[in-house]
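Next up: a single chain in structure tokens, the form predicted on its own.
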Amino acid sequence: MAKELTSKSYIDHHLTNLTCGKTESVGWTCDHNYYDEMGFMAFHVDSITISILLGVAFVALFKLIKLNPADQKPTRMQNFVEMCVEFVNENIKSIFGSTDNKLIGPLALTVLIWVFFMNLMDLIPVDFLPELTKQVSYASGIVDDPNDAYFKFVPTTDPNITLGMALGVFILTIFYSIKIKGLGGFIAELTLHPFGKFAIPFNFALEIMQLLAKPLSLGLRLFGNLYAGEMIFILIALLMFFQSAVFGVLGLGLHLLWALFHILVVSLQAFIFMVLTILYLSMAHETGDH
């Protein structure tokens, strides 16, 4: 028998990931009643699955588009792909200085489109895919109560995904800092600036905090903006489904207005993540004075 859905349980349901992990009592499980026992060895299956599927969709979309010869009219999708590539190259030239690096171009393009695709999931009506998941899980016998079926469809509202991508950029930044400047140059950058060799401990404390702030700010900025956007969609949905008909009509209007505005947020956050990725790698390649 399904439990009564309240405003609180409605919000909790939309903000809960499908989590699988190992517990001492039952071993590996995806039962939300054992979330507290999973500890560090827990995986947000929904975020990982959707991220991989959108990554595959991005690769397939760009791979399958055949570039027509110059004397033939390009297709709309070809124009879209060429526009994306040119846009990324322009930003690389303005920030990085050139497009000769074999990593920066593909990485920046991947970051832009992949993050955009993940953000775009936030524009799907907030109850459509979760409700579909609930009914499929209940009909197939996976859960006894449809309200026990959890699945979040916006990967960038999961800090594990955004901080994971930011960590990847951070590792590349450290790698290229050492590769371009040498280990000694990298250590000198962390210890001799900004106050010289007589303030090495103070310099190191400042520089290490600045260094660690980069991946944190990169990941949390994307997560915070998308999480806030999802929360507003959920609150508007509450207005539509848990209030009177008048509030329902008002909620529908607010939903459309917020969705139109959120298109800007979705695009802007993907762009910011790409630009900061290029900027951090550009700083890692700098060999002049700090």
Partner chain sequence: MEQSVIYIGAGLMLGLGAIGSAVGLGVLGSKFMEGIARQPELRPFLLTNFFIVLALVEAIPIISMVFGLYLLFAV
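Not measured: the values here are computed from a predicted model. Residue numbers count along the first chain shown, from 1.
One more form of this protein exists, namely the form predicted in complex with the partner chain; it is left out here, but the text below deals with it.
The partner chain in the model of the complex comes within 4.5 Å of no heavy atom belonging to residue 34.
Proximity of residue 269 to the partner chain in the model of the complex falls within the 4.5 Å heavy atom cutoff.
In the model of the complex, at least one heavy atom of residue 225 sits within 4.5 Å of the partner chain.
For residue 232, a non-hydrogen atom is located within 4.5 Å of the partner chain in the model of the complex, even though that partner is not displayed. Judged by heavy atoms within 4.5 Å of the partner chain in the model of the complex, the contact stretch among the candidates 201 to 209, 172 to 180, 216 to 224, 108 to 116 is 216 to 224. Using a 4.5 Å heavy atom cutoff, 8, 11 and 275 all lie near the partner chain in the model of the complex.
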